[in-house]
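We begin with a single chain expressed as structure tokens, specifically the form predicted on its own.
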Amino acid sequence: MRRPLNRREFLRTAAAVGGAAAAPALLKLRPAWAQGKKVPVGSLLDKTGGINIYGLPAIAGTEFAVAEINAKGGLLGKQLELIQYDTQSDIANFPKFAKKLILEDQVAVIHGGITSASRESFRPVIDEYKQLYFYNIIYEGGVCDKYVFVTGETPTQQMGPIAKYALKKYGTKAYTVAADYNFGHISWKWWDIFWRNGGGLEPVAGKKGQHVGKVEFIPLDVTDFNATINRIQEAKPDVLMSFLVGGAHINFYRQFAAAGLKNKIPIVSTTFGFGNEHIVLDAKEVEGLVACYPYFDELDNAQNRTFKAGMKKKMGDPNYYIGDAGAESYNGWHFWAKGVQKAGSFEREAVTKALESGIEWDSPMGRVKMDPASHHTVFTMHLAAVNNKRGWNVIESFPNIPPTETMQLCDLIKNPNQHTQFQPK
């Protein structure tokens, strides 16, 4: 009988027979952890750099979820060995570290990526090596990939409630600012549809929106927004939509308030608060800003009370604010764990089939469910406004909102060989 390859022999053999092209087949021979007591699992998140305002809470949620799973006995009798790489807000690091996790660390699953640009930089690596991957971040929707599961919210889940609320409360004229990369550009396309249709993918009853001024796509390193703010003033919108992203863009809200516009032009956003920007800024600068997420620390349910207590203890800070980034990472790891438990296996095919059965559970966000065909998550969404205590006041909740824009285009049960991202035309 042929003996199994160890890790060093595996890497040497892979190089000898043609390197990366042969690796997917070789990986199936025998993972290094198949007979061991630990299973390596991988995380790619930005601990440093301009995107770490999202990376740090996501790392906290990841570490807490893995520790919680291990404390309860691990999975299938094995402890999880978390291998994390700091991607340093550098796109080039994602494919490099993804290959390292797959080829050297031989992880059972990878979670991570913050920006959509980072996700798309290494999704080809995921597809090449047929690696199970979870993307646990709000994003612009449309990813349809057999190897990818998404536990973050999509345009329908955020923009529908925001558009209907803004049209009713503020008016029909909107100005839009967005981050200048694929997330901002694709989000703008969806927002144009939802705003012009009155809050739906198709026209709905009630007011319909219009755009004033020209949408502005702003590079991630820009910190001076005076020219943009002047153009917003000249356009005289009823409401401002923000798809701004990252540490540098926080300055926009401070400068907007300093220009005296905070109480004149209300802001709605699908990104504000995800990096706990409301904690960084003074409440006077952003009080009243409206966002829509499946998770706020202020949600009152038994699961969230337990989750918050555990996270605060882990962080050693009774005032620690978790935010949606921390909760989504936590959710992603538990979705995967439930897939493993149901499958009775760590193998990608078995776990994928289990997740495609429609796994649902009571998370800190409330009841969440994996949509089998699209590999996306159904949430209860919450519309909330920043209050004067650097927290959120929930305005309204919307149960069981599906990621419709992706579901209508993606069916990985009928068409399992899709590895693409759909965009609105």
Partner chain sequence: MSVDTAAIVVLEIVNSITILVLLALGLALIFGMMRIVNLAQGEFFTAGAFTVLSAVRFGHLPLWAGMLLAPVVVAGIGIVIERLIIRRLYGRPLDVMLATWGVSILLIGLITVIFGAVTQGIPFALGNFQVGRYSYPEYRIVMTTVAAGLMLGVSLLFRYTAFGRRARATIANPEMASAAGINTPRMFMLTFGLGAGLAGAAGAIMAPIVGVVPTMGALYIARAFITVVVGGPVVLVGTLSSASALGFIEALISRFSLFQIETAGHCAPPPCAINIGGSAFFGQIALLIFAILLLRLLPQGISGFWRQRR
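Residue numbers count along the first chain shown, from 1. No experiment lies behind these values; they were computed from the predicted model shown.
Here the subject shifts to the form predicted together with the partner chain, a form of this protein not shown in this document.
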Any non-hydrogen atom of residue 314 within 4.5 angstroms of the partner chain in the model of the complex: no
The partner chain contact at residue 130 in the model of the complex, heavy atom, 4.5 Å: no
4.5 Å heavy atom contact, residue 349 to the partner chain in the model of the complex: no
Interface membership of residue 306, the partner chain in the model of the complex, 4.5 Å heavy atom rule: no
Proximity to the partner chain in the model of the complex, single hit among 105, 90, 238, 180 (heavy atom within 4.5 Å): 180
Stretch in contact in the model of the complex with the partner chain, which is absent here, among 201-209, 292-300, 260-268, 105-113 (heavy atoms within 4.5 Å): 260-268
In the model of the complex, residues of 179-195 near the partner chain [heavy atom within 4.5 Å]: 180, 188, 189, 192, 193
Cα-Cα shift for residue 212 and residue 164, closer or farther in the model of the complex, minimum 3 Å: closer
Change in CA distance between residue 253 and residue 209 in the model of the complex, which is 3 Å or more, as closer or farther: farther
